[in-house]
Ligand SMILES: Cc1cc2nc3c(=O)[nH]c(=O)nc-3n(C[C@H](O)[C@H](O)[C@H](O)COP(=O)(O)O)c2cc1C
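The form predicted alone is given below as one chain in structure tokens.
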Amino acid sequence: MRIIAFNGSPRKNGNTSAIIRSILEGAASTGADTTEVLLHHIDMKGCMGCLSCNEKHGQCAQKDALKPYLEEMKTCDGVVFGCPIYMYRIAGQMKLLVDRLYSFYIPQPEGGYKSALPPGKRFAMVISQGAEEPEQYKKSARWLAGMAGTGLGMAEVGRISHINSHIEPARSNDRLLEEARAIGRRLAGRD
């Protein structure tokens, strides 16, 4: 069992990071191998708009530090997508990743797309926000889940929306971190 987590937070020890690490701890407790990719800390570039992936399905032409992780998505069993909300939307680091995931969308002659990823993958999501209303950024979370997960044929096994993140840090919330570990176990096919 192999799980890869894409962390779109620029803060290595912030709220999103604490929750993602707990998800990975839960997965690792079942024997899964885990990797966390700190998007802000790798040499990652955005989509070039070259559309070469429309000819070579599932292959992004961009050559950077993200490319091996995109390749790993093809062979892993589960994926975590996590980021904070900045300026009312997902953090820019996560948007760069989502743009690059376009390479996994295979256009169909009759319209629509199918996924270049093998079937049977699972995903989980983490959204951290300073706002106290959990529904405030529901649209952004739904977009991320659709574009990065369900749109590519993956099944969602759990989602954490951490609210009031500036008041109650995730690392101090035992209930939240246990919920994250439980999601990690589900992501690895346990629980």
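Just so you know, these numbers come straight off a predicted model, no measurement behind them. Heads up: residue numbers just count along the shown sequence, starting at 1.
There is another form of this protein, the form predicted together with the named molecule, and it is not shown here; the text below is about that form.
Shown alone here, Cys76 lies farther than 4.5 Å from the named molecule in the predicted bound form, counting heavy atoms only. Within 4.5 Å of some heavy atom of the named molecule in the predicted bound form lies at least one heavy atom of Tyr88.
Proximity of Gln129 to the named molecule in the predicted bound form: non-hydrogen atoms within 4.5 Å are present. For the chain shown alone, Ser22 is not a contact residue for the named molecule in the predicted bound form, no non-hydrogen atom being within 4.5 angstroms. This chain is displayed without the named molecule, yet in the predicted bound form the stretch 121 to 129 from 32 to 40, 60 to 68, 121 to 129, 142 to 150 comes within 4.5 Å of it by heavy atoms. In the predicted bound form, just one residue of 153 to 171 lies within 4.5 Å of the named molecule by at least one heavy atom: Ser165.
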